[in-house]
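The chain that follows stands alone, in the form predicted alone, written as structure tokens.
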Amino acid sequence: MVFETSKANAILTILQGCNNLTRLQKIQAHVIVNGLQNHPAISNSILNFCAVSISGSLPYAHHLFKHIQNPQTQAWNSIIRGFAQSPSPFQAIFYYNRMLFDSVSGPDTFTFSFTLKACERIKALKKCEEVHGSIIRTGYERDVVVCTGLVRCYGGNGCAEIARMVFDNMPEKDLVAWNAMISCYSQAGYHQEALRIYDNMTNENVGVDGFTLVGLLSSCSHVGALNMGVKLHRIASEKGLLRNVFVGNALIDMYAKCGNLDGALEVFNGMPRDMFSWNSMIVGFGVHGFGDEAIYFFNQMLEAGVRPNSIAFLGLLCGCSHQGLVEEGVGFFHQMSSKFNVKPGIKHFGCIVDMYGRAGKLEKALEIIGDSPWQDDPVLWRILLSSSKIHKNVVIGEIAMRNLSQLGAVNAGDCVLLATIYAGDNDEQGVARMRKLIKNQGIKTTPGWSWIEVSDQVHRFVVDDKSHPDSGMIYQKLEEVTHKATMAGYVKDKSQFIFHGSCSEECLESSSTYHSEKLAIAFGLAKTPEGTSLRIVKNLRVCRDCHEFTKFVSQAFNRDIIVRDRLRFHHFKGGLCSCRDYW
């Protein structure tokens, strides 16, 4: 007995240093020769290596598991974990069910955690709820690891409110749990709530790590919270995390999406870089409309030996489109497949259609759609319709709208675009048809909103917003701002179309309403010192009237105003916009 124990311990020691399947199978043969194949610790160690290790083999683990007599909890956990992180996570739930019904061994912390991971990956909300019930019945509802798994699983299934309930009921929360809640809110699009989680962490003296920073920076990127992002940058520096490539990439993305390309470049130059670092810079320059800079970084990436992927080309084409670099953009588009073996997707074709459309080559843009694999996708036709509006081309605009109608994809924004084209052609009947189309078919509009960050707090406005605590002051300030802008040359665009007083792809607000962007600008001017840049994020495209208004406000108040809309950045300064009124 002592001899067998000694041999078992020796084998377990050898297994700890095993790093490939061939060596494992040799050890396993030694185990069988010595009659130790039913030794629980040894069989569990072999099974765990095969199921979980990157050098293992899940099919072989499956084979081994079938030959284990009365597997214990640890063995069940290994096979469940292996499948939970495999391309077949559904199998993990199958083994969890078998464990509950066919085994005398009960689930533990790890069983529930691995099963919840599988539920998260396959979006199995009902199974998540069922597992949650088992967790409560077996007394694990206070276990921090299990509850963190529940937060992630509910969050991954789009149930952020339930995830928050689980989180709030946890008697103790470690940093992993806080990070899970931040990630849950960020993935669900509740970015302000994610940033508020950080405030709670600060109040409870909870530290942060790289995962915390990446989650928070992602939310900063979405809402344009540059001040908060700068604060997180400082924390990353203090904690020595700037060499962490994930934190660095998150910082680059945050600075670029918050309109501060100098900040993005500073981070980029001081960190180890991977493909995502280069992509973030190229896409950043692209959406800001700086095509030349995007091309420069693309060439630098090639010189660094980094092979471009579809995202790099998307940023490159976007920059060429916004800067009017048609010949260069078309050249890069052809290089995608011919030189780099990257298959163009619908977004790449959209950039080419947009590129030709902006340049006034609408027939060529129409030809590109016809030759693309996505002529039945409304995205390309909507881009063509937008280009038709820029160049006031009724014929191409009607072709685009006809195709959208045949696809059953017409929305209120499309109607406004075509109505604008008709209005420019003095076609009152055409405008009336668009009004009638929206009214008769009950086409819904998308409410527009604008975000602005002031004193580390993000404020959200919608059309005619009266919900803000400083509402009275904001409207009073807006009157002053409008007056000064008018004195500088602003003339209100009275050709806006009245469709239920809401916003969609263009501007669907009536001429008597206060657009969300104007309210955000007024609030920003009232609450920030002279000379401070204003940064605004919109969920829709900037309308013509707001674009003109913002240009003259930048001149009248000597402020830089940076607006990120659904498609691109607009940098307003001294009465001019970086888009050159071409968007």
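Note that residue numbering follows the sequence shown and begins at 1. No experiment lies behind these values; they were computed from the predicted model shown.
Note that the form predicted together with the DNA isn't included here; everything after this is about it.
Between the options Ser88, Ser103, Gln187, Asn227, the residue in contact with the DNA in the predicted complex by a heavy atom within 4.5 angstroms is Gln187. Distance criterion of 4.5 Å from any heavy atom to the DNA in the predicted complex singles out Phe114 from the list Tyr356, Tyr255, Phe114, Tyr96.
Per the 4.5 Å heavy atom criterion, the DNA in the predicted complex is contacted by stretch 75 to 83, the sole one of 421 to 429, 362 to 370, 383 to 391, 75 to 83. Interface residue remark: Asp143 is counted as part of the site for the DNA in the predicted complex, having a heavy atom within 4.5 Å.
The DNA is not drawn, but in the predicted complex it has no heavy atom within 4.5 Å of Glu266. Though the partner is left out of this view, Asn48 does reach within 4.5 Å of the DNA in the predicted complex, counting heavy atoms only. The DNA is not shown here, but in the predicted complex it comes within 4.5 Å of a heavy atom of Lys347. Contacts between stretch 172 to 189 and the DNA, counted in the predicted complex as any heavy atom lying within 4.5 Å, involve Asp174, Leu175, Val176, Ala177, Asn179, Ala180, Ser183, Gln187, listed in sequence order.
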